[in-house]
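Each of the two blocks below gives one form of the same protein chain as structure tokens; they are labelled structure 1 and structure 2.
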Structure 1
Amino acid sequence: MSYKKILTIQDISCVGQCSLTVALPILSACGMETCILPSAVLSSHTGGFQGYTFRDLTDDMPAIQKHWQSENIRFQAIYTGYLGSIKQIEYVKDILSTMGTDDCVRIVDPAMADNGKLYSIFDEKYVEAMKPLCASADILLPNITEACYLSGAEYRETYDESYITDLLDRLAELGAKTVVLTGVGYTPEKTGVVIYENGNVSYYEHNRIAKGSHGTGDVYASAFTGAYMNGKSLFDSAKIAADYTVKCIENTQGDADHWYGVKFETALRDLMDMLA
């Protein structure tokens, strides 16, 4: 296994199995030295818990970046997720353009929406601010809802291949070079991921277990990043991340008390086997 230093920028939701509490263990299991830059600290994620706390860490970012620069620290990949404010998106854009090694891979998950809706703290201004960040990514990892917000396309629950091709064309127009679009299913039993690279489109289809499990976008993006940085191809990384996410959902299914996330820890061994 190759050993790489990667930086992931997203929030710490203390409870709820998403963002950094998912990315850090998954990337570590994938054999990466994982450095973190917390975008905010919340008592829980915002998807179903009531009365959560939110401490925005935007103002800490420039000093952290400056310290890393003074120590000559560089990252072979930078992977961003849920960010805390519009001002922060600007800082993150600068980190993406200055803190990478020459061969750095920049992966952006525009974690801001799902099931046709923006997450609770975000608005249209935030979406506008996300567009240039997404355009600067080497690999963009949106779900269909995020792709619609970014591209101005109408959100649909059911669609055909031409709708998806149009979405990908719009994202390419925005400046996204390579896109892995998640949650694309053409039948009620199946879902999958569409991989778009230099105008070529491929599709990996798998069983649809449950609709909209919490935190699965973060599980997917972390496993994708781990697989890709292990030298897997774009398609294989998208497939490994999908198979791992499905396993996490299967291992959580049937436990009604576990509505807030997936038991991703129970399938880390499977992920490591897939990378071997």
Structure 2
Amino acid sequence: MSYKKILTIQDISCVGQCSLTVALPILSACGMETCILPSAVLSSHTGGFQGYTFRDLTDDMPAIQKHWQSENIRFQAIYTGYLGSIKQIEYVKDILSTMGTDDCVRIVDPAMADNGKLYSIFDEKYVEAMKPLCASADILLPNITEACYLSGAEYRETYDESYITDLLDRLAELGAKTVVLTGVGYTPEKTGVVIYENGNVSYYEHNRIAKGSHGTGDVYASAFTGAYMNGKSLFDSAKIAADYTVKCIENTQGDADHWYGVKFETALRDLMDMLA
């Protein structure tokens, strides 16, 4: 495997095991030179902590990009996560189109909604701004809620394979080249990921863990990116990321004090074994 340089763009939540504090160690453990562009700095994530601090770094992003361009820095992969505003989306669109190598892989996690609802900070204008960014991605990593907002499909708690196929077709019409749709379960006991590539659909199913955890979407997207950039196939990358995320959740079960994230560090050796 060649030594690859990856850029990941998302916020830093200093406490809470999400966003860049997840992406940087996971991608580094996968053997990548991992560069970061923080969109904001928070004292913690916003999912249950009170009184957190927030520093918006939107206005720093163009200057950072300009410096990189002056140094002729290019990335073989660019992976985006949570973006806090429409202005940031516009900056990131430009970065995706100008900062990659000729063979750059552009991976976009929309990170804007879950459980049928947008995150409280976002609205329909944000969704409309996100659509072109998602359409420009080589690989799109939405959950079902995000896929519904992006495609205009009705959100359903229960569904069948035809519903998922329609959802994927709509995302393809949007312009998404390849889609890895997460959180797809056809029975209460199971969930999994659907991979859509060149019109072909495959599914990897695993056990559903009833108690959810903050930050698992970031863990999944980071592990997927690391596996894919290690030369794994799309399906194998989706499977590895799913198995790793499940292991992280399992390692956190039973610890009531660790409600704010998953102990992803304890499973990094498992991820290395999967990659091997």
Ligand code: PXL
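Note that the rigid core is defined as the largest set of C-alphas that superpose within 1.5 Å between two forms. Numbers follow structure 1, counted from its first residue as 1. The model shown is predicted, which means the values in this text are computed figures rather than measured ones.
A.B. asks: Do you think the form predicted in complex with the named molecule is shown as structure 1, or as structure 2?
C.D. replies: The form predicted in complex with the named molecule is the one given as structure 1; the other form is structure 2.
A.B. asks: After superposing the rigid core, is the C-alpha displacement of Trp68 2 Å or more between structures 1 and 2?
C.D. replies: It does not, since the Trp68 C-alpha is displaced less than 2 Å between structures 1 and 2 after the core fit.
A.B. asks: Given the rigid core as reference frame, how large is the C-alpha shift of Gly51 between structures 1 and 2? Answer in angstrom.
C.D. replies: For Gly51, the alpha-carbon shift amounts to 3.0 Å.
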